[in-house]
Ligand code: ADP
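Only one chain is given next, in structure tokens, and it is the form predicted alone.
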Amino acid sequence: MRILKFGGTSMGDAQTWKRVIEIIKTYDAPFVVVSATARTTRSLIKAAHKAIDHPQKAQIIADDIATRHNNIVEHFLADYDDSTQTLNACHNWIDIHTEELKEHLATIHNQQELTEQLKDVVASIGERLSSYLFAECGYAAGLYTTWLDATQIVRTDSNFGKASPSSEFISDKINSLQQKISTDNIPVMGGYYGMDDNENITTLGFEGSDYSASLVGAALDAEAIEIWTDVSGIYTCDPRFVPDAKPIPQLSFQEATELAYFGAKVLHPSTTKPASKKQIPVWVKNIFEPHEPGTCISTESTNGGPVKAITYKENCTIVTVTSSQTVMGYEFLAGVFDILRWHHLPVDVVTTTEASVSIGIENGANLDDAIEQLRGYGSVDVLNNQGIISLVGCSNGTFLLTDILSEIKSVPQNLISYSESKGNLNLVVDNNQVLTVVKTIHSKLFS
């Protein structure tokens, strides 16, 4: 069995749905995971924020989402006879979820607050719409598609916005649903969302549908997990900003995870974890070029040069804490990182001495509070508007630290971190220099 995950672009309109249907038809008994239709999750979050002060504008966004989904199913089903019953079921599903959305928006306005818990409920509506509608339309197109509600399969903790799933629960639940996972049925499940023990809807974070697909793949001991998107694999850099970026044929699980963690938008950072435990290869493929090989992520890695790929994050902050007391280094560092852990602030880049530490952090809601607490350990210097550039899969540190850095010597580097064991080189520069530096390094390495 293969797990096929289709992203927002694949779910974008009736024509891409038809492309997806044709791809699914080429597989025997796949398990399908889908994202929300393109731009829907962003629209849902926008409506939730608007609801606080502009409830009428939020309601308009809700109606626009409903109209777009009605148009997709109407255009898709227009090519199939005897689809009136399916069309009515789809319209009814859209109406139910639009009313639910409007009720949540009204609650946000009345409470004058958008909680993380309520944001997850609103955000999940995109996948709840797309998965059911696609399953219905797939059946009309001749596939034996069956909708599965992710809340019944993906159990998580209550860390709203970035919930951690229970692999054991998912495996047990998947095994109890084996009758629906057979040659006679093609399950279609929405990714990204699940449910906690208190029956609250949760989400897995940005690009969480990839993570959902990997969790299901591990539970089913799948042959492979395929992530279908609008590019032919993972590239040496983001092709939207670096036109001469090239697809990478092979990556290790660690390399793919590092790329995702440091800003590559193709995968959720946790996607490879369940797959790597079961040694299930993950493929990244293009729905518009389905015969292209794409990128294979597995235990294997190929050496094609000094660096596999470059990625970057913008709008980060460098926090430097210098101890004001004579303390043991490990006590100082433990205290600093305890504060960051308490505030759920993931660390991207670190350089340390016994009495000081510089930390690169992606801006988060609790950053200011954490900085205030860090002042209890000494002086704190804060450098805002920083970009972290990461070179992943490095095989020649000497070359990188000489030739590459000499290419960008005119650009101030505010922090440098290199790990030979991980094969990563991280550079921190001002936001307005990020793309220039990325293009310069990519040209040196790959052109």
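These numbers were taken from a predicted model, which means no experiment stands behind them. In case it trips you up, residue 1 is the first one in the sequence shown, and so on.
The discussion below concerns the form predicted in complex with adenosine-5'-diphosphate (ADP), not included here.
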message: Can you work out whether residue 375 and adenosine-5'-diphosphate (ADP) are in contact in the predicted bound form, taking contact to mean some heavy atom pair no more than 4.5 Å apart?
response: no
message: Is residue 119 near adenosine-5'-diphosphate (ADP)? Define near as a heavy atom within 4.5 Å, in the predicted bound form.
response: no
- request: Determine whether any heavy atom of residue 9 comes within 4.5 Å of a heavy atom of adenosine-5'-diphosphate (ADP) in the predicted bound form, and answer yes or no.
  value: yes
- prompt: Is there a non-hydrogen atom of residue 297 within 4.5 angstroms of a non-hydrogen atom of adenosine-5'-diphosphate (ADP) in the predicted bound form?
  reply: no
All of 348, 359 and 389 with a heavy atom within 4.5 Å of adenosine-5'-diphosphate (ADP) in the predicted bound form: no
task: With adenosine-5'-diphosphate (ADP) left out of view, choose which of 234, 225, 215, 129 has a non-hydrogen atom within 4.5 angstroms of it in the predicted bound form.
output: 234
task: Report the residue, out of 316, 266, 220, 73, that has at least one non-hydrogen atom within 4.5 angstroms of adenosine-5'-diphosphate (ADP) in the predicted bound form.
output: 266
task: Choose from 104 to 112, 235 to 243, 331 to 339, 91 to 99 the stretch whose residues reach within 4.5 Å of adenosine-5'-diphosphate (ADP) in the predicted bound form, heavy atoms counted.
output: 235 to 243
field: Residues of 199 to 230 having any heavy atom within 4.5 Å of adenosine-5'-diphosphate (ADP) in the predicted bound form, listed in sequence order
entry: 207, 228, 229, 230
